[in-house]
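Here's a solo chain for you in structure tokens, the form predicted on its own.
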Amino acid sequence: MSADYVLEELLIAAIAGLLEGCGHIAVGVSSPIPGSAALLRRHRDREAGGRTRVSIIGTTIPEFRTDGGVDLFDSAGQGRVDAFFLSGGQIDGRANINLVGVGDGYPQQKVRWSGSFGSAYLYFMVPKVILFRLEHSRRTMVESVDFISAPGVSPPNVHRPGGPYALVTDLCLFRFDRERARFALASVHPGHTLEEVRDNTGFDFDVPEAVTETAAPDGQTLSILRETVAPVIADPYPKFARRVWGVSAAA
């Protein structure tokens, strides 16, 4: 275990662990941490003889390039995407996400966000959707979202091969039980506590008898991130790579 890491590296390593067994991982826009986790997972799987594929919207690198939303939606509809990432201005205890806005009276809400785009479709079609939010507060982790952009669960008679698998924040990692429509705390990040998670979460969640700490990235993982992943993720996310690792895109 190494203490010489930053929060972003801890989150990347944690998400990469959740991606084990995925053959095709797709990454949307504004997702440098999930994108880095996908590349870390691919590196590990390729070293073990696997053929994990990663598609990143916005990259110019041919090996990871996708034609954007149309290609992603088509692949998901055919069952050719195993994992994807979603977020929301609000996320509630049933894994509903809100990307539209805050307040009653849609569409005249007091705060408006970018909109849902294809989130609901991908939430239904991708088997392993990992929710990701860097601000863990009662403003973002709410009891009930003000607007459901994409529902976490569906009635039994609705065809839904996909759905939420986990929620990763800057405080902790939750797993989601689709049958019970409920989150369970999986681990708390180093430097934080269960009480802090509870104080900053608006919804109820299950807690194990023994709360574990999220594993810190070891030296080998940090080397892979800094030497192999960083120059690649710098292509679609140059500011992130410079800030976290001080590197530029590979030539």
Partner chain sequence: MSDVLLANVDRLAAEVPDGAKVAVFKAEGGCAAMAATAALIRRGVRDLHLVTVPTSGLQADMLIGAGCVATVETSGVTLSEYGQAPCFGRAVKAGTVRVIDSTCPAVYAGLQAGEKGIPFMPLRGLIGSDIVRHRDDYRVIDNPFAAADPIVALPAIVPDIALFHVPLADRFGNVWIGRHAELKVMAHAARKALVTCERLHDGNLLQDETLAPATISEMYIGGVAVAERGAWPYGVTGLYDDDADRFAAYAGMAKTEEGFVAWLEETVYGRAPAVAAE
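Residue numbers count along the first chain shown, from 1. Values in this document were obtained by computation on a predicted structure and should not be read as measured data.
This next part talks about the form predicted together with the partner chain, which is not shown.
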- Is every one of F84, P127 and R139 within 4.5 Å of the partner chain in the model of the complex, counting heavy atoms? no
- Message: Within 4.5 Å, heavy atoms only: does D74 come near the partner chain in the model of the complex?
- Response: yes
- Message: in the model of the complex, does R175 come within 4.5 Å of the partner chain, counting heavy atoms only?
- Response: no
- Query: Is there a non-hydrogen atom of A120 within 4.5 angstroms of a non-hydrogen atom of the partner chain in the model of the complex?
  - Reply: yes
- Query: Is Q109 close to the partner chain in the model of the complex, meaning a heavy atom pair under 4.5 Å apart or at it?
  - Reply: yes
- Query: Picking from 216 to 224, 49 to 57, 202 to 210, 178 to 186, which part of the chain touches the partner chain in the model of the complex when contact means heavy atoms within 4.5 Å?
  - Reply: 49 to 57
- Task: Residue by residue through 222 to 238, tell me which have a non-hydrogen atom within 4.5 angstroms of the partner chain in the model of the complex.
- Result: none
